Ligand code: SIN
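First, one chain by itself: the form predicted on its own, in structure tokens.
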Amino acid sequence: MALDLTVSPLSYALGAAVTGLDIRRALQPDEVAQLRDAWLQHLVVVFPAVELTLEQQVRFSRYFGELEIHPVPSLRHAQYPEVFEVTNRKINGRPSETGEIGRKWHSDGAFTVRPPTASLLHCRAIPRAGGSTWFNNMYMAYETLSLTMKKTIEQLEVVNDLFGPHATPAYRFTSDERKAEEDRKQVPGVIQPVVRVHPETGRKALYLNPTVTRHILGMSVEESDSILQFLYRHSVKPEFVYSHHWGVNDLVMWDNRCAMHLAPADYARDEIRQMYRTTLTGEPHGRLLQ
């Protein structure tokens, strides 16, 4: 392990703080490998109080893979298209389109056929109280199911659709009708398995979320809802969850293949919460809805 690098668990289920390594400098291959091992083991890694420019965040993120250009065009940063700003601050004098997203449990990009490997979020401003992010361990959620339930759901697939008829209102990213229609055309619905095998660890995890998962393929709404609602409740039990209380300049990286996250509305709206996200492109997974 790199000299002075320390990995400290933050909760029972997931999460670890990484200290003792300046991630703003050029990293050696063995240092990147150690960070990746910590991330795969703990699902969420926190680099506390690291002051990063957008250029430095993009460079650090690239150590772990190819960066995604956000599939929704209206959300891309004008100078750094790999960056997506999540904030309630006004942008160019207008209310932000991203201030209320993430209010339901989700994993990023589950509505695409190349769901992101990881997301990295850097905090620039946080309210005096609240503004936290919750994460859960979908390995644990799967592994604690009964054998009968595991056998039942391993054969199932779900329809994920960002802009479906029951989509969360916050996922209307722009008030411009022309841009909204362009977003819908570029992000069609997909079919994903309920249980996903992690390509690096080989472990099985639940892979569904209340934000974009619409129904189980081939089932009636009543049949589908009864299973999905049980799995949703089960997967976010307190023993599977880590709540991150942000400090300014914290950088958090998580594994979208085996963890969901949620940004609760637990802060005063007249106080600014500003984050910048970079996202690692994932391997092909699932298929387009025909």
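Position 1 is the first residue in the sequence shown; the rest follow in order. What you see is a predicted model, and the numbers here were worked out from it, not measured in a lab.
The same protein also has a form predicted in complex with succinic acid, omitted here; what follows describes it.
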Q) For the spot marked by Asn160, Ile191 and Gly286, is every residue within 4.5 Å of succinic acid in the predicted complex through some heavy atom? A) no
Q: Give a yes or no for His42: in the predicted complex, does one of its heavy atoms lie within 4.5 Å of a heavy atom belonging to succinic acid?
A: no
(Q) Considering non-hydrogen atoms and a 4.5 Å limit, does succinic acid approach Leu121 in the predicted complex? (A) yes
Q) If you check in the predicted complex, is Arg196 within 4.5 Å of succinic acid, heavy atoms only? A) no
Q) Does Pro116 reach succinic acid in the predicted complex if we count a contact as any heavy atom within 4.5 Å? A) no
Q.
Among the candidate stretches 201-209, 71-79, 106-114, 142-150, which one is within 4.5 Å of succinic acid in the predicted complex when only heavy atoms are counted?
A. 106-114
Q) Since exactly one of Ala263, Ala259, Val50, Met253 fits, which has a heavy atom within 4.5 Å of succinic acid in the predicted complex? A) Ala263
(Q) Please identify the residue among Val86, Leu156, Ala125, Met219 with any heavy atom within 4.5 Å of succinic acid in the predicted complex. (A) Val86
Q: Taking only heavy atoms into account, state which residues of 127-158 are within 4.5 Å of succinic acid in the predicted complex, ordered by sequence.
A: Thr133
